[in-house]
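In the form predicted alone, a lone chain appears below as structure tokens.
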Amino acid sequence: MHRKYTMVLGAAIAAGMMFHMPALAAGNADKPIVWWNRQPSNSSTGELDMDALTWNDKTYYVGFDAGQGAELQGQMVADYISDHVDTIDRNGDGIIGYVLAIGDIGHNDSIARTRGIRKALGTGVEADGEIDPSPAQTNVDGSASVVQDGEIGGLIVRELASHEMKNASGATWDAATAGSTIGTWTASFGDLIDVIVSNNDGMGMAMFHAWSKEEGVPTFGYDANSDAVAAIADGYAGTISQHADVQAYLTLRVLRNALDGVDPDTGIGTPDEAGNVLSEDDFYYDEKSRSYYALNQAVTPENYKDFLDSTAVYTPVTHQLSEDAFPVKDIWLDIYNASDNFLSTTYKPLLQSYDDLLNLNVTYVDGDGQTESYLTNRLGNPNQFDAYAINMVKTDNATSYTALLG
């Protein structure tokens, strides 16, 4: 027991007073936490925040393998250029020019995707042993220091421009900003742009609808949102599925297991009593970082019809748990930005399907994408919840939440 409560309790007993001790923050500090989608880390260096990831013995992270997904996206773009090397150069200048929409320069997933593209296209420049993910800004003449010219099929590949898509209020991964930026880029570069690449589908689709669909310029995104997958039939070149159905299940399943005090692998790598189980092709667990990672899948014109419903739950883990054996528990879960296309239109509906299957009463809290306090202020009474699923605005800010728990 915390010393200050011990002293108060002792004084009350000595005075012969009736004393009702409030719920202690330490009790909340012992409850399960899942950090999801935004891994606690240093936004400048990418170094994991192990204090947050090991907050207690029931703390985990759930996301996806950013490196593997980034490689898939990069290879998808490189393969497309290689397969269309005779026709992709719109103005015949011998340079395949691409523009890159960067989501958040401080987000590990965004960093990985930028690196993956530059690695696959040969445009990356190493800094401190890794490819520099910094925005190139404008690089029409190929003089930017953070990128270099690559080569595919005898043609030069050049990153003409790349910017972080942040709006005036500070929200990153901003689709509207991407939609307006492609207008600026096309006004400046015109037919120098042969390919568009985006760190996510929200921004990619904004650029597709604003310009590239009509111009027939291949546009690549990430997330496999339903609208982006459907747009492949209309010329959207491809996207990457994060296996959101697996991620959403893991987000809640990890909490369910921790609350039940069972083996953490129950219903994940080991079948539960209802028959729910994932395979090694779906995910892996990294014990050192206490992190579950879903594996990505490439979505192309050849297979996109298999991904048209991004909110469909994953069949191997759709078996209802018995409420007698697994009583209902209360969960606080936040989404950092209600306007984030992937989280709001794909991830949240999946969570809402799995919460019923796992007998979890989830309070969903939508953020503004800008300030941590918008979310933390809505966790005013953490005592009423059995566990927490936290999606931060910034990956550095884990302590904003743990400070409320003890």
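Source: prediction; values computed, not measured. Just count from 1 along the sequence shown to find any residue number.
Keep in mind that the form predicted in complex with a small molecule is not shown, yet the notes after this line are about it.
- When the small molecule is considered in the predicted complex, only one residue from A70, L343, V34, L360 comes within 4.5 Å through any heavy atom, namely L343.
- Scanning T251, T123, S310, Q242 against the small molecule in the predicted complex with a 4.5 Å heavy atom cut-off leaves one residue, Q242.
- Listed stretches are 262-270, 125-133, 85-93, 106-114; the contact stretch with the small molecule in the predicted complex is 106-114, by a heavy atom cutoff of 4.5 Å.
- Although the partner is absent here, Y60 lies well away from the small molecule in the predicted complex, with no heavy atom inside 4.5 Å.
- A residue is said to contact a partner when one of its heavy atoms sits within 4.5 Å of a partner heavy atom; N200 meets this definition for the small molecule in the predicted complex.
- Proximity of Y354 to the small molecule in the predicted complex: non-hydrogen atoms within 4.5 Å are absent; the residue sits far from the partner.
- Not displayed here, the small molecule is kept clear of W55 by more than 4.5 Å at the level of heavy atoms in the predicted complex.
- The three residues Y80, F208 and Y304 each lack any heavy atom within 4.5 Å of the small molecule in the predicted complex.
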